[in-house]
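A single chain, nothing else alongside it, follows as structure tokens in the form predicted on its own.
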């Protein structure tokens, strides 16, 4: 994959306080890269520096091979972005807002404007004035505006704000399609772990202005611990006795009335079920409990895991 964005050793102080401390990460074409952290962690400040809304104190930002500070216009030519809420002219229609923005870029056709409006599901409301839009509708139209010039890097700061569950799902699917099918590099920030898990290929966790970890979703789940299996049986004591006798007592994580939690791989669990069944222990249910991404996230924030 091609490296589209490179952030290296970025630092920023505001009002005498160090907000961003030696932040480095890369974003590649064809991926949704999540920038995850609690409110106040430094996500928006970093994004504002990438978009040129704030100047970094030190460090470098390179976009499509261009140094952000030395060749700003070239570096930003194929970038689209929204920071916080999209800014639009309230007394103009959504479509007119996009048309005005499109004039800043070469080669944007009316057909392309129609395409992005349809992409975000705003065709029926495109001719309405923005002041009549809900926050979610403004967010959709802002994304359409950011996409109109076909950027290869899309930067979105908390894009699900104001969207209902259906809107969040549609946005998630749209971003994944843009990345995986059209090769766009997407940097999306959020403080919502579940949203990022569903949307992103890799996640960068930032805490107190420093990068705490950069991992794929699978790697983060692995940090959260092993997968468990929950077996339902009316004879938990008998099941424990058999497992201990077979030298498998170490896989027993927890027992409760009618429930037995085991730490076992997918390959091991079928043999365990066969062992218990042939010993006349009736298994009435088997459920896999996937390792918790939330546990890994909390551990990283508390300094318990490294990138």
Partner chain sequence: MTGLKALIHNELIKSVKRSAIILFIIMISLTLILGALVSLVFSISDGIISDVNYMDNIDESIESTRELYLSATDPADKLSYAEQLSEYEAQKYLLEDEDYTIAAYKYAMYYDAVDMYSSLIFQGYYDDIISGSGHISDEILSEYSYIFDIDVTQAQVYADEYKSIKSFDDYIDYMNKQINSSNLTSDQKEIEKRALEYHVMIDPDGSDIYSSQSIEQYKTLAYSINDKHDYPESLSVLSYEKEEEYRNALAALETSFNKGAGVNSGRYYGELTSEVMLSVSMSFTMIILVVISGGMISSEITSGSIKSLVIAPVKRYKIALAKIITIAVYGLGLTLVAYLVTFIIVSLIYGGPSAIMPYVTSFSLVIPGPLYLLIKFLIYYFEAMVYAMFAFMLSVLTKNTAISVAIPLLIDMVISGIGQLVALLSGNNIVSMVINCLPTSHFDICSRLFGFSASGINITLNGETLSGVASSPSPVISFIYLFVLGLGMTLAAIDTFRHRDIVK
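Numbering follows the first chain given and starts at 1. As the structure is a computational prediction, the values presented were derived from the model and not from experiment.
Keep in mind the form predicted together with the partner chain is missing from the figure; the text below concerns it.
Taking the partner from elsewhere, residue 132 is found to have every heavy atom lying beyond 4.5 Å of the partner chain in the predicted bound form. Shown alone here, residue 55 lies within 4.5 Å of the partner chain in the predicted bound form, counting heavy atoms only. Mapping the unseen interface onto this chain, residue 180 falls outside it, with no heavy atom inside 4.5 Å of the partner chain in the predicted bound form.
Taking the partner from elsewhere, residue 85 is found to have a heavy atom lying within 4.5 Å of the partner chain in the predicted bound form. Figure note: of the listed segments 45 to 53, 58 to 66, 278 to 286, 260 to 268, the one touching the partner chain in the predicted bound form, with heavy atoms no more than 4.5 Å away, is 45 to 53. Of the listed positions (150, 208, 191, 105), a single one reaches within 4.5 angstroms of the partner chain by any non-hydrogen atom in the predicted bound form, namely 105.
Between the options 221, 77, 112, 202, the residue in contact with the partner chain in the predicted bound form by a heavy atom within 4.5 angstroms is 77. Taking a 4.5 Å heavy atom cutoff to the partner chain in the predicted bound form, the one contacting residue in 142 to 175 is 145.
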